[in-house]
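Take a look at this single chain, the form predicted on its own, given in structure tokens.
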């Protein structure tokens, strides 16, 4: 296996970068979408049950099924992979964002309003900072899940390490079948751990000291 990695190390590193780039980009877009939707749910509480229902239903859709549904509209390649990863990435962040924003103590919100803050200022300076640890926890879950979804997206020629896994499965019984599968699988695991560590550091830097655990 070591010889296999040495011979292809440049391609493996490139595919690893592509995998991480796809996931980070999709999770970043999902975070923006989820927070905006959560803000809407916070303003219109009747949408809370709808958001929870959509999050629960969305997570039950198999990755291959979603890829199959997207292919006729978006074709084969990076676009389909991005939409697929972004869809799944949004769901856990949305759930946590709604919980976090709704969990802010009403007395704090009323105090902010009493100081003359408008709704936008209350959201930006009170609700979001206090809800951020909960939202970040959702982002971490989303990131880990997206690593696996991005591997599945290689089925439609999406970028990343998933192609190694599919190559290994296609060559079962062949000389390098196990090497391909292990490199793809272990590469995804290593990237997931590294990016999760990065998010922990981001959390330490962006969470207010007063609410940091």
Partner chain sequence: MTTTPTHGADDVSGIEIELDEVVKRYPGQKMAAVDSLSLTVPAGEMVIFVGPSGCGKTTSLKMINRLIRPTSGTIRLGGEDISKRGADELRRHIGYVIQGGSLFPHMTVATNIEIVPKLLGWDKARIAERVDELLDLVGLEPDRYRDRYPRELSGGQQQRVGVARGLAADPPVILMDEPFGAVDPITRQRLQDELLGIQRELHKTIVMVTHDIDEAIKLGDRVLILQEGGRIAQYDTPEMILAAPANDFVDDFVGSGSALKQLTLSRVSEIELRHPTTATVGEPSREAIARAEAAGDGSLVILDSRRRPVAWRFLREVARRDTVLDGDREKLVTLDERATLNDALDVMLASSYGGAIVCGRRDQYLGVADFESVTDHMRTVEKAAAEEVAADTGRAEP
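Positions refer to the first chain, counted from 1. Remember, it's a predicted structure, so these values are computed and weren't measured experimentally.
If you look for the form predicted together with the partner chain, you will not find it shown, but the lines that follow are about it.
- The candidate spot formed by 110, 113 and 117 lies fully in contact with the partner chain in the model of the complex, as each residue has a heavy atom within 4.5 Å of it.
- The partner chain is not drawn, but in the model of the complex it has no heavy atom within 4.5 Å of residue 136.
- Using a 4.5 angstroms limit between non-hydrogen atoms, residue 211 touches the partner chain in the model of the complex.
- In the model of the complex, at least one heavy atom of residue 129 sits within 4.5 Å of a heavy atom of the partner chain.
- Picking from 84 to 92, 139 to 147, 70 to 78, 102 to 110 the stretch near the partner chain in the model of the complex, with a 4.5 Å limit on heavy atoms, gives 102 to 110.
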